[in-house]
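The chain below stands alone, shown as structure tokens; this is the form predicted alone.
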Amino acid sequence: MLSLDFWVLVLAGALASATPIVLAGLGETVLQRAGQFNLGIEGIMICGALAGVLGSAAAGPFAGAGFGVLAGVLLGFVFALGCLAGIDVVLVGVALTMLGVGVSTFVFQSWVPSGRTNLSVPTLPAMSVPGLSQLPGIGPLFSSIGVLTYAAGALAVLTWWVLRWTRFGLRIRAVGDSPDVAAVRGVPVSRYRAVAALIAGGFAGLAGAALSLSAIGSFSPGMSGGRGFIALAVVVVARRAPLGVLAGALLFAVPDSLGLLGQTRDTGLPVEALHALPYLVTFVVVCFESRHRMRLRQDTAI
């Protein structure tokens, strides 16, 4: 029987694991509300992770987070240019993933050549919740939450508010739901989609910085581990709702946390099975969501 301490550790790890998925998912939500999607989140995240480490080494962890955002906005600009040039959005996304993985590996190996010890940089601080962190049993859960985890929660509420209640959000939804009608009403569709791509890139870059600066303070090629694609799945499951992204990210993060904790604790399951859990959950949930949508379309057709 696993103890309460074990599950507190699982939840703490899940919050940390969910943070980059929430951040990347929020940006993708804005982009999809504008009528586009970006398969290049994985490449942007890995570049954001490297930029975060480089920025932290130069000027501290908060500057590193800013560097991650800038790297993401730059790659979001590349995505917007590709779409404006009329290139298929799927091809642009795939190319962006390959570009991000290749460029980040090249820059990292130029900075830390093979054979040298990987460099560690200052990480972003954790924050305690006054009162809650002293609670018996579950107190440790509220004493080690990273600052970007709080920021991800606040940004989810802010994104929901902007999309729901502001003129900018109304226009983003308009160009996504009916671009022809929006254009007739004088809304510059291409301009709003380009802005959405920049926002999505910035969020994905910050998500990458959260990967490298929240706990470990270092970079390694491939450290995003497919989280960009999981963020895409979360947006689908959350049906492009910012607050739904929060819940969806936790759904995938809990198995991820179990897998990491299973390396040091006996959970009664093979470590390999625990590592496969997040991807298995992603596959199953997306299959159920696709089936649900197919049934809705069939009912509408009838």
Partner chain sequence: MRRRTLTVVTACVVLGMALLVAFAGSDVPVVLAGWWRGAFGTPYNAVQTLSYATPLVLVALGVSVALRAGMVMVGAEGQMIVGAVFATVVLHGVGPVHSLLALPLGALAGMAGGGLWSLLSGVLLLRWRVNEILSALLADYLAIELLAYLLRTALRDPGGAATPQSAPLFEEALIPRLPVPGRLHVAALVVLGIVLVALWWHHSRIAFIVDVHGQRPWLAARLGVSPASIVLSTTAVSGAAAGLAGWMQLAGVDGRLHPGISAGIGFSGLVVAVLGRNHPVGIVVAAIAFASLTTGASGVQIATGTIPASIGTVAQAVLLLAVSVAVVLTRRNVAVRRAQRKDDRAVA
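Remember, predicted model here, so these are calculated numbers, not experimental data. Residue numbers count along the first chain shown, from 1.
What comes next is about the form predicted together with its partner chain, which is not displayed.
Although the partner is absent from this view, G86 contacts its partner chain in the predicted complex, with a non-hydrogen atom inside 4.5 angstroms.
Residue contact with its partner chain in the predicted complex: F62 places no heavy atom within 4.5 Å of it. At a distance threshold of 4.5 angstroms between non-hydrogen atoms, G226 is in contact with its partner chain in the predicted complex. In the predicted complex, L246 stays away from its partner chain, with no heavy atom inside 4.5 Å. Shown without its partner, this chain lists A194, L163, A126, A95 as candidates; in the predicted complex, only A95 has a non-hydrogen atom within 4.5 angstroms of its partner chain.
For the candidate set L81, L135, V181, I216, a heavy atom within 4.5 Å of its partner chain in the predicted complex is found for exactly one residue, namely L81.
Contact check for L39, G102 and V236: all three have a heavy atom within 4.5 Å of its partner chain in the predicted complex. Across the options 218-226, 167-175, 181-189, 202-210, residues that bring heavy atoms within 4.5 Å of its partner chain in the predicted complex belong to 218-226.
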